Each structure stands twice: as structure tokens, then as C-alpha cells.
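Take a look at this single chain in C-alpha cells; it is the form predicted on its own.
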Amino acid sequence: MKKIAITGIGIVSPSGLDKRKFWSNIKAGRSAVEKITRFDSSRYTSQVAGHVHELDAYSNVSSRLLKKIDMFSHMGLVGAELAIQDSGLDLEKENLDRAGIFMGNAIGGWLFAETELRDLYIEGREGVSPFAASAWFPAAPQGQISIKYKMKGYSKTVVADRASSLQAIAYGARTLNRGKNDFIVAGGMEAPVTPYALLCCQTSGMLTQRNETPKTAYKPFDKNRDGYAIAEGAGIVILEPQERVKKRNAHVYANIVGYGTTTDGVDRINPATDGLSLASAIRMALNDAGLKPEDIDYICLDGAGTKIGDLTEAMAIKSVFNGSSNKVIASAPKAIFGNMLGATGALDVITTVLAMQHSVVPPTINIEEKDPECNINLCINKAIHKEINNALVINRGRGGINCALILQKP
């Protein structure tokens, strides 16, 4: 893969929207997972989540439009605005017919959908908003970003469970390599902290039930883990080819240099028990980047917080890195704010590029007793200083989707 630069980032997260505040919270390992109070969650097995609290303060969306869209589109619009501003792009000078939008999410806009379904039941069809048909579906944020900024280039929405936004970013990078667009707005968004969405997530059996201790509930790679805490949010990045970066003298956070994806083909929910397909995806990414395992300085883990998820991820890393697996350091910083499902990959990429920029490995929090079966070199509970030149980001989705993306310091 030819290097594709990340020149802007936009963050909408439980740990903050401002990138300095976000990084401060991540570096310090301040948990943002809390009890769900937005609705009565007492009948759910999992009652904790990461909530976004500052959305309205940063909102660039009119009150009229807010009535027509779901919160995941709202977060996507705010994230896109922050990313565009951060990149220094002047859209008035760009050919927007060659500006692409690549977004990923897992479940769509269920707050809008479930509200309208309730109104249909109570009031009949006259009570249903005509915007229900467009507000809920996964491509809605892509469409809203396109409308707002008049971007009309080649674009895609990816739905691949928790791997959605990492696939969207990689797809965007490969599209730029093929010369189909001049630049791309890429990332993901998710709003699962709603009654019906939480119910759907709960049926997977992968959510934590440590409801009395929300801040320490999500504990990937801990011996006593019991699943992840969901979270809402969005992560957006601006992707540009090298010639454009040089032409406009843009700041580069990191370059995307390699990508690999595979599927296990074993079960509709659980990953394969051997981790071999994930290992294959990592090797594909390394080959794509022209790097060796020992060249990787940091791994941003999927960190599902389930026994099979963590164990098979550790097995894959041991398989690929072999003798260097105890040298390369890894962490799952998403334990700090929760698992954003389809948006998690975009936040993992943003967290990793900030880690590169600051030469700091963010911690995996809440580990009291590391699972001895997960024999990898984890950064536990406290950040450490380390120069990061090459980093690997891993995301996995239900049904055995494996994705690996390699970032390189500019």
C-alpha cells in the first residue's frame, strides 16, 4: 500500500470531544464508563455504558435537522466538522466531486427507529415521522455529511460489526491509492445506549454484568473479566495522499501503510478458537506495509473482554510475533470509555496516532489479575513513555471478522 496520510481527527467520545482533553483522560486512564441513567435499565443484564455528555456544546447541527436524524448521525456530523477543522482543509477551494466519505457502524440509528415504532403502536401510522425511513439506516450519517458539505465523490458505508470503522478507514485509504478521490472523510459512529439497541447487544452475551462497579466493569485480559461495556461516540479522520500533503504543507498525524482482513468462517457469533485467521490478517497487513513483526512498536488491541475473544487475540499475536511477542507492548485503551461497536476502530486509530505523537503507550485499565493464558506484553493500569514508529491496530467483529491496520509515524 502506498502511504496515505491522516491529516485531521475528530473525536466524539465519553472521554471528551476536545482532542487535548480526550488524550489527557486516556493517558491518565480515567474511566468514563458509568451507570445508565438515560432510561430505566434495571431489567437489563448489563446496565453500564460510556455516554457522550458534551455533544450539544460542540453541535454544528440546526434544531430543525435534529428532528430529522438519529443521534448517531448527529455525532457523525460533529466529528466530521472537528476533523475538517483540524486538517486545515478549505472546502471552498476543493473539487468536492472528488471528495469521498467512508463510514462504518454496526447497528444504525435505533433511538429514532424505536421511538417511531412506539408511536406507530400507540397512535397508528399518522403518528410516525416521515423521516423514520431514512434516519435509522446505517448509511444515514454518510448521507448527512455529504449533504452538509456537498461532497459528491466515490463513497461507502461499511457494516461489519465491531470492525466496521476500521474497514471503512482501510477501504478509504485503498480508494485513494486507486486515484478515485482527492481526499476522504473516514471513520465511524455508534449510538447503542438506547432501550432496544441495548437489548440487541445484550443478546450477544458479550456485555459485562458488573453493574455495581461501572468504572471498573470493562476489564479486558483480566482473569475475572465478563465482557465489555458498550459506549456511544464517533471517530472521524481525514485521509490524503502524499502528493496533496506536500502541496498544501499539511500536518500529518500518521500514515496508513498496511491492511489485512480475513474471516474465520466458523460461527455466526464467536471467533475461531485457534486465532489462526486473525494471525493471517496481521501477516497480510505486515506484508502490505513491507514490515517485519519486530518492526512493530505498539499494538492497539481489540480487547473484547471475553475469555474466547482475549485468548484467541493473544494466541494470534504469539503466533505472528513469536520471539518478539514479549518485546512489543500492547494495550486496549477502549476499556477507559467503553466499546463503541462499529465506531471502535476509528477511535482506536485516533488513540494510536495520538500515542505516536506523544510517545506514550496508553494503559489497559481495570486489570487486577492478568489472565495467565493471555501471555502478551500488556501495558497495565498506567501509561508508559515509549517511542512508537510503527503501530498495529486490531479489530474483530462477530461472525469471525478480523481486521489489522498498520500506522507509521511520519
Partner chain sequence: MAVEDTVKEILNQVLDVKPEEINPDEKLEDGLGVDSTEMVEISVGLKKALGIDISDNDLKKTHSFNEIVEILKSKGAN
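Owing to the predicted nature of the structure, the values given are computational and were not obtained by experimental measurement. Numbering follows the first chain given and starts at 1.
Keep in mind that the form predicted together with its partner chain is not shown, yet the notes after this line are about it.
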item	value
In the model of the complex, segment of 28 to 36, 374 to 382, 64 to 72, 340 to 348 with a heavy atom within 4.5 Å of its partner chain	64 to 72
In the model of the complex, residue 123 touching its partner chain (heavy atom, 4.5 Å)	yes
Exercise: residue 127 in contact with its partner chain in the model of the complex, heavy atom 4.5 Å	yes
Partner contact for residue 137 in the model of the complex: its partner chain, 4.5 angstroms, heavy atom	no
Touches its partner chain in the model of the complex: residue 171 (any heavy atom, 4.5 Å)	no
Residue among 131, 154, 149, 196 with a heavy atom within 4.5 Å of its partner chain in the model of the complex	131
Its partner chain in the model of the complex - contacting residues of 332 to 355, heavy atom within 4.5 Å	none
